[in-house]
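Just the one chain here, laid out as structure tokens, in the form predicted on its own.
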């Protein structure tokens, strides 16, 4: 089978005819809202997430007096973000999936922040999914990082902190196996039909912060895992380059 024929067949596996190692179109709109200390509309194809950073001069009780700050996150999907209306979280009740994702976002961002240099203040990253088409958690992490950078830059410009507490980049991307083909950055159709589904969170040193992996329909092999890891590394590098373009 010729290389060209193999490529064409691989592209036909994907609903949007992307190559197996190709990200969706990535769009970043800075300053999407005016009141937040950092505000980004992060788009992975048709997945659109509003990521905002808010700074408060206080810390959780367990950090009071320790002269260090805190990074936390909240995640929610708007009712109209999916094809059928998703009920709002009410009366302090947050569904288990949202709790799991917002904890992941918080862990991911704290991994690249020197909390001592932040001082006794909290930065909350709110990630609100305006439109969902797969990969909402990976888009949230990638976009929230840019919003965080903008908020920290504002703190430094105002003279509230002297040193930049951010130690490096963090980004996230999904990978999976569909119809036997390892693919990068799954949309909803691909994710819902994936045999294997993974999310990688990595920094600019290609170090792993978190790996979430599931054999949805069958176990996966070491060879498949290695290929998925290679795809994730390629995608993360591209996302970090995009992040850096919006941090100047």
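Residue numbers count along the first chain shown, from 1. What you see is a predicted model, and the numbers here were worked out from it, not measured in a lab.
FYI, the form predicted in complex with a further copy of the same chain isn't displayed, but the following is about it.
- Contact annotation: of the candidates 163, 158, 83, 114, the single residue with a non-hydrogen atom within 4.5 angstroms of a further copy of the same chain in the predicted complex is 83.
- With the partner omitted here, the residue from 50, 194, 183, 59 that has a non-hydrogen atom within 4.5 angstroms of a further copy of the same chain in the predicted complex is 50.
- Of the heavy atoms in residue 233, some are within 4.5 Å of a further copy of the same chain in the predicted complex.
- By the criterion of a heavy atom within 4.5 Å, residue 65 is excluded from the residues contacting a further copy of the same chain in the predicted complex.
- Taking the partner from elsewhere, residue 30 is found to have every heavy atom lying beyond 4.5 Å of a further copy of the same chain in the predicted complex.
- Residue contact with a further copy of the same chain in the predicted complex: residue 220 places a heavy atom within 4.5 Å of it.
- Within 4.5 angstroms of a further copy of the same chain in the predicted complex, the stretch 130-144 places a non-hydrogen atom from each of 130, 131, 132, 133, taken in sequence order.
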